[in-house]
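What follows is one chain in structure tokens, specifically the form predicted on its own.
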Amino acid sequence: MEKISNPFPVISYQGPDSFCDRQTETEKLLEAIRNGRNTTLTSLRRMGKTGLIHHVFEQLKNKKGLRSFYIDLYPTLSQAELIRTLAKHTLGKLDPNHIKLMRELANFFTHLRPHIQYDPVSGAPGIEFTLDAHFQAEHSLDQIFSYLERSGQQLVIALDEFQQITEYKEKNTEALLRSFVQGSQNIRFIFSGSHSSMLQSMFRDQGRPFYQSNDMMQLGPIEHEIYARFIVEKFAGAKRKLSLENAERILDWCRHHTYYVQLICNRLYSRDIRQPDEWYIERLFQEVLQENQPVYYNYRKLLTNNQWYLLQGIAREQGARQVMGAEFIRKNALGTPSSVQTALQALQDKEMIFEEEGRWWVYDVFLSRWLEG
């Protein structure tokens, strides 16, 4: 596959050359791994936590006897899906000799059955797993962790969107996993997710199984000056001149949120403009918002009037403080405080808004900028 030449990736990690800073966070995660500690990593969605995990794994890839695995739990809905996903992304990749690995796995597991499947696009073989109807979650997890321990390798497993396990119909999943995580000698874990309050509750509430078992790490925006210089340097590397002021303009408009910064810079870089000025950048901002207008109009149809007016009011405040106050309610025609509270909860449940340091924000930066207009 041809290497992507745009230095502002928006979909996946493209290597250290396209990765901005995060030196402190990278070293903190590496230090925890080296010293046998697990870490809980939280951030807003698309702030760069997945990229950080892959960057840490990049630093570890040449360590002899060490393997790292990234697993996204967001699509899983039950313990059975958790077990199959965990097996596929760890057991299925321990040995490049698939036939040998299949034979070993078939002899080792009772209810978890491996079989080879071929990628429909590349044709590359991979191992999938099925569970028979008589499986027991505790027994199957015990076999998976036992097999991983006996591999003789040091393993690092990142479980992204870890809070998803609280949505399973089986309510003992936290306690079940905690027992195996605690007993793992050769496995270190990174538990990450974008639902910060839920993850913090899982690891900080005294009555929860994972209480005080991990280091806690909150991933915020990349430092303004460092990110601005990084952007300027990447344009300069292609013999283009983007002023520091315009790099900072992009950062401010995107509120330093990594995904939105990357997307704007990716689009700007793709235009092959030798010296993009303020006018051109402002035009690009409006172009992106216009492209997303059909989606935003659809949001309007899906929300109640009160929810929409509240969302709009929060966006226009650019960090609303007193959403239950009489002035905010009057200015945005929101009715009674109780109706505002209902709308606020609904927007939180839909993950359209979030609270940070006493201020409410619209989660989607582009939506927020469109609502401001």
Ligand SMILES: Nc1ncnc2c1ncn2[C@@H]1O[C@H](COP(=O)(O)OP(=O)(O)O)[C@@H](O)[C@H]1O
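Counting begins at 1, following the sequence as shown. Because the structure is predicted, anything quoted here is derived from the model rather than measured.
One more form of this protein, predicted together with this ligand, exists but is not displayed; see below.
If the cut-off is 4.5 angstroms on heavy atoms, which of these, N38, N332, N306, S43, is the one near this ligand in the predicted complex? After the contact test, the surviving option is S43.
Can you check 50-58, 28-36, 307-315, 339-347 and let me know which stretch has heavy atoms within 4.5 Å of this ligand in the predicted complex? Going by heavy atoms within 4.5 Å, the stretch is 50-58.
How about S140 - does it come within 4.5 Å of this ligand in the predicted complex, if we only consider non-hydrogen atoms? Residue-level check for S140: no, no contact with this ligand.
How about Q79: is it within 4.5 Å of this ligand in the predicted complex, going by heavy atoms? Judged by the heavy-atom cut-off of 4.5 Å, Q79 is well away from this ligand in the predicted complex.
is_contact(M352, this ligand) in the predicted complex, heavy atom dist at most 4.5 Å: It does not: once this ligand is placed as it appears in the predicted complex, M352 has no heavy atom within 4.5 Å of it.
Taking heavy atoms and a 4.5 Å cut-off, does T24 contact this ligand in the predicted complex? No - in the predicted complex, heavy atoms of T24 and this ligand never come within 4.5 Å of each other.
Within 241-263, which residues have a heavy atom closer than or equal to 4.5 Å from this ligand in the predicted complex? Residues within 4.5 Å: T258, Y259, Q262.
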